[in-house]
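Take a look at this one chain, the form predicted alone, written out in structure tokens.
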Amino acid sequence: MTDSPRFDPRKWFGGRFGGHGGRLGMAFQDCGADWSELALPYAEALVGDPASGVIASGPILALMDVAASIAVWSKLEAFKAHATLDLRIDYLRPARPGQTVIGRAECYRITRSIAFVRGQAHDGDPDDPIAHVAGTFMAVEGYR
């Protein structure tokens, strides 16, 4: 794999994020060998439509981008600087006002320089998702 220190999201993030993830209120939930799950608690500051109270799409996209990155690093068992090459998100319905959005992503393949991910966001029922995502990340110095 790599000479980088073993990646453990629990230690890296301590349950909370800095930067834009912290500003949005993202929180680490759980992870496995090739997946991660984050939470985005409902907040008035994230609302895109004040009349309905629905969270804007941008915070959900950011949640899924971070969850997918952590899934890649979990599969690698190491942190590698990378960039989002493509992240397609299909919104299936609005998030319910007042509900925490859960983002879960899986890294299903890593090549020399590209990682492939997929995932979904939901607000309490994984069988009734808010959005599906599929994407790729690229490590400039390579993943292997």
Partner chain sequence: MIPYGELLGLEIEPGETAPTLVMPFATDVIGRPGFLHGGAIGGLLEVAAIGALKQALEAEGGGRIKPINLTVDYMRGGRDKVTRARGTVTRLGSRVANVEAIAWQDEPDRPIAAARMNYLIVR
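Predicted, not measured: the structure shown is a model, and the values here were computed from it. Positions refer to the first chain, counted from 1.
Keep in mind that the form predicted together with its partner chain is not shown, yet the notes after this line are about it.
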Taking 4.5 angstroms as the heavy atom distance cut-off, pick the stretch from 114-122, 50-58, 101-109, 28-36 that is near its partner chain in the predicted complex.
50-58
Candidate spot 68, 70 and 144, all three in 4.5 Å heavy atom range of its partner chain in the predicted complex?
no
Counting only non-hydrogen atoms and a 4.5 angstroms cut-off, does residue 19 reach its partner chain in the predicted complex?
yes
So, in the predicted complex, is residue 10 in contact with its partner chain at a 4.5 angstroms heavy atom limit?
no
With the partner left out of view, is residue 46 within 4.5 angstroms of its partner chain in the predicted complex by any non-hydrogen atom?
yes
Examine residue 62 and determine whether its closest non-hydrogen atom to its partner chain in the predicted complex is within 4.5 angstroms.
yes
